[in-house]
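Below sits a lone chain in structure tokens, taken as the form predicted alone.
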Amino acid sequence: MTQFLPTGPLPGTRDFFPEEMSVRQLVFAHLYEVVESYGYLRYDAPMLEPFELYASKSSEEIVAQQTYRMTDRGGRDLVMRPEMTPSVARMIAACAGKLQLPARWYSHPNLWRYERKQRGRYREHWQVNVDLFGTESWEAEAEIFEILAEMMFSVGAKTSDFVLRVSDRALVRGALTANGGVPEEKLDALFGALDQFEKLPVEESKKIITALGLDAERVVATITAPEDEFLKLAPTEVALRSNVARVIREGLVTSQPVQLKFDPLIIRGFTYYTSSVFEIFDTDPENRRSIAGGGRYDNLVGLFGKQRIPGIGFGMGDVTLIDFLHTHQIAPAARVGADVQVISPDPAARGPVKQIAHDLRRAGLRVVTPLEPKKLGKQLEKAAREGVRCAVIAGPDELARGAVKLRDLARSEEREVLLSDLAAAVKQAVARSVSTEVKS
């Protein structure tokens, strides 16, 4: 008996069939447009990186438990990139001498983490990364926050759909040492516990904090203090240097109002974050989770060379973003059909059909032509089933007059159009069809 090969993808990975890929392309196009409108340039890096690049720079959980790690034939210790920030820091350091600062870069890589599959989590995911290098100004935080918000608005989110939760690790460190009784040497371990605080029952979190040799009640009281009280707990000089506090005072300039909330429970698990940290959270109780997150990493580039170049950035993952869109019922409809099919009832009209199709493609339209001879009615039925929006029928009588018939396949409406006006007429018909799909 023949044993066939499996048709499914590896656990934790996904196949993207044309319908789903269409939705992804529509969504990502909006994100790229927003990011590039702020002057950011796209880059990429290898999927394989040296293990040492992440060993002391990413979170311990990712390094110890989630990396896809391997040794190549040259004996090099490699990982499939679990995140992008160390890679971009390496690249910035490599061209530091000729780089014009500030540098605004973005990317959209696939990332790999060997973790348990659950809602919003796969072992391979795609993430739009946006990074700004070369300034410690609070205006960098303001710009990054505004880009995050505009990306959300660009895919249809409203002000009430999400909240931008921001914090400052330097402020939190100051408050915990001055008010929470936490020694400096225990802060990193405590940050690891606090990063999981909202995912665990309070009593369980207190046990973890107590196991660190700390006063759990005092720590929890500090970290959960109201915003106006918490900002007074850190030393004054630390509060005055906080870019996040400055942004909260000055506000953001965005196309819609943004829910901006200071929240000391936003810690972020990566050890390279130096001060500002932030996350976008869905406000729907059915999907109350982070959609995107990032922070400031002023010392990371300096690990690769003598020049210290401060940086700030974030990542927005495809899984959580698409889940957000479906939760709020704002995901775009898939667009898989071509704009137009050019056909003829006359088998001898292949030349004119191919020329018309060529001209329409040069005009920016997606055009298909028949690959096998079939009756006109069958060709029209097949085109409609495949989602083609309109058909150009090149009959011999119409061609003799320098014209064709243009049929709207959704409405079954047909009219004669001069070849000189055809591209504009098809674009108008396609735009009307797309507008109808969006409204429905």
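Quick caveat: nothing in here was measured; it's all calculated off a predicted structure. Numbering starts at 1 and runs along the sequence shown. Note that the rigid core is defined as the largest set of C-alphas that superpose within 1.5 Å between two forms.
Not on display, but discussed next: the form predicted together with the RNA.
Annotated contact segment (heavy atom within 4.5 Å of the RNA in the predicted bound form): 195 to 203, selected among 90 to 98, 360 to 368, 149 to 157, 195 to 203. In the predicted bound form, the RNA lies within 4.5 Å of some heavy atom of residue 412. Though the partner is left out of this view, residue 292 does reach within 4.5 Å of the RNA in the predicted bound form, counting heavy atoms only. Contact annotation: residue 50 falls outside 4.5 Å of the RNA in the predicted bound form, judged by heavy atom distances. Heavy atoms of residue 268 reach within 4.5 Å of the RNA in the predicted bound form, making it an interface residue. Interface residue among 174, 310, 317, 337, judged by heavy atoms within 4.5 Å of the RNA in the predicted bound form: 317. With the partner removed from view, the residue among 380, 403, 27, 34 that has a non-hydrogen atom within 4.5 Å of the RNA in the predicted bound form turns out to be 380. Proximity of 113, 374 and 407 to the RNA in the predicted bound form is complete: all three residues have a non-hydrogen atom within 4.5 angstroms. Core-superposed comparison between the shown form and the other one: the C-alpha position of residue 378 differs by no less than 2 Å. The Cα position of residue 199 differs by 2 Å or more between the shown form and the other one after fitting on the rigid core. With the core superposed, residue 345 shows a C-alpha displacement of at least 2 Å between the shown form and the other one.
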